[in-house]
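Two forms, one protein chain; structure tokens for each follow separately as structure 1 and structure 2.
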Structure 1
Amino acid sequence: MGRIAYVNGRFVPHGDAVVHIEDRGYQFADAVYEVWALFDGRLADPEGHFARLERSLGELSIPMPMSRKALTLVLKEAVRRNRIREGLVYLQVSRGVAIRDHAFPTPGTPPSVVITVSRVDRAASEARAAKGVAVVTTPENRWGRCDIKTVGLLPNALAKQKARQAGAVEAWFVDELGLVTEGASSNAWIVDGDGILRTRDTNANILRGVTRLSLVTLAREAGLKVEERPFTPQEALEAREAFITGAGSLVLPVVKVDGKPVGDGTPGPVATKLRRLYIERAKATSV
């Protein structure tokens, strides 16, 4: 059985899934998205992702396409039809289809909704986490509302390509003050020389990561000190550990920044422990 996608009320073969050429998500990046990790066929961090979806839509004055309860049922049905237990669920909601004009279309234009489900090889993910990954830095060049999870990701795509060409898996944006904001598709963390976990505060121009928020809570429950305080690339190199978080990466140790080792160049105990704790909590609270 091939992959199945959901497009505007219909489940269709993935290869036949299309949106209208004048969908505003395609023409203006006038759309938001969310990504849930799947553990044993269930959605991880459900409350955080739904809350962020509703906030992103509200910030752009795009109406929720359906109730949270109805959307949950559709997401779960997409998972069931794809027969995927371990993976990722992608949801995109655009302002809808209208004659191309920069201003918003006529009130009442229905949003467009697309859902896809993809498989994740958890064994491969664990092997990568055990080895650690490299990141590169790149100048911050995104718009001023990165707190909204929009599909306008061209700077992120260019940063990811820069990372790939350097043999890394992620790029960290660095602002005009020389401080790391976040990754192209993740939040950035270090464990500094005093053993304090540091990550950029959400008053900065960063995405309010759902995995990030869960990890702040988990780390504090584990007795670790967490400070929402920025760091420089040099501080990352001088740190005991570094790692990234996100729905796809979960908690992923970073062992190199711009080709130079972090700590002893191997995944550290804090990131390793937090990855285990996060996965345990995600499995226990998924829906």
Structure 2
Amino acid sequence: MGRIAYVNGRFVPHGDAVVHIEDRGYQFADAVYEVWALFDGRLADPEGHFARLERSLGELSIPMPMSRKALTLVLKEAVRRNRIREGLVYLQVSRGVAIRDHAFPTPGTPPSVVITVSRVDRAASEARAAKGVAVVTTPENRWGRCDIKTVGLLPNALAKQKARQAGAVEAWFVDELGLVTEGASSNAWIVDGDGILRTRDTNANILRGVTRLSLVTLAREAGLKVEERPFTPQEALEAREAFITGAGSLVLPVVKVDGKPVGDGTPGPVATKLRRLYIERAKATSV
């Protein structure tokens, strides 16, 4: 008998089990999961796993897709249909399906629920336990690889939602030294008091924005001084101008940071000119 998966209210053959391509778990890692050990067809440590599931969901403001009681029934039914007594039960709950946008979808979007059950060979795992296992060490870097354009975007999605709730369009991440790294989906720039364009250097843990790189060249060609040097949020407030860059935002003037105006609180001439230059260059060189 083949494996059976549970997907959003339906039990389906494992090979036919699919989620939507714009599921936020797939697009943003905007999802949580739990895994129960299964002994003689029964879920181990139920209280601990349910409590952690509720906590994880709560931390992400994802509603419990159903009551604990209902979920227990569904999990047990998945186990029963798979006819597995010794194994693992995997549950994933994502924020659901929505048009791709970092910020949360409209309230009421139903979470997606997926359950799979897999068999464990207890004899083999006991044999392994009897021998013991090896480990290796690795630097703690979860998640210290913002240079990779990965879909592991949960922190970015949470930051974007924070921005949206504050009536802002973008959130700037600030590192442990109090320096701006980049935006949730863009690179961050200022035009400082000396008229120098500043954006974070790529030695920092940031995405190497393609728009950022093109703009460094374009700005220098336009006779502007560019320094890949970090700035603080306070320096942004004291700057003449600020802006963000990205394939989505292009070159977008920033007029407020944390509710306070940058410069005179209107788009500045440098950002406005760079936006025009960037769009002109992009149009002329697009393939």
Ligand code: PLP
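Counting starts at 1 with the first residue of structure 1 and goes up one by one along its sequence. Not measured: the values here are computed from a predicted model.
Asks: Of these two copies of the chain, point out the form predicted together with this ligand.
Replies: Structure 2, which is the form predicted together with this ligand, differs in this respect from structure 1.
Asks: Between the two structures, is F173 on the same rigid part as L274?
Replies: Both residues go with the same rigid part.
Asks: Given a two-rigid-part description of the chain, what is the rotation angle of the smaller part between the two structures, in degrees?
Replies: That works out to a rotation of 180 degrees.
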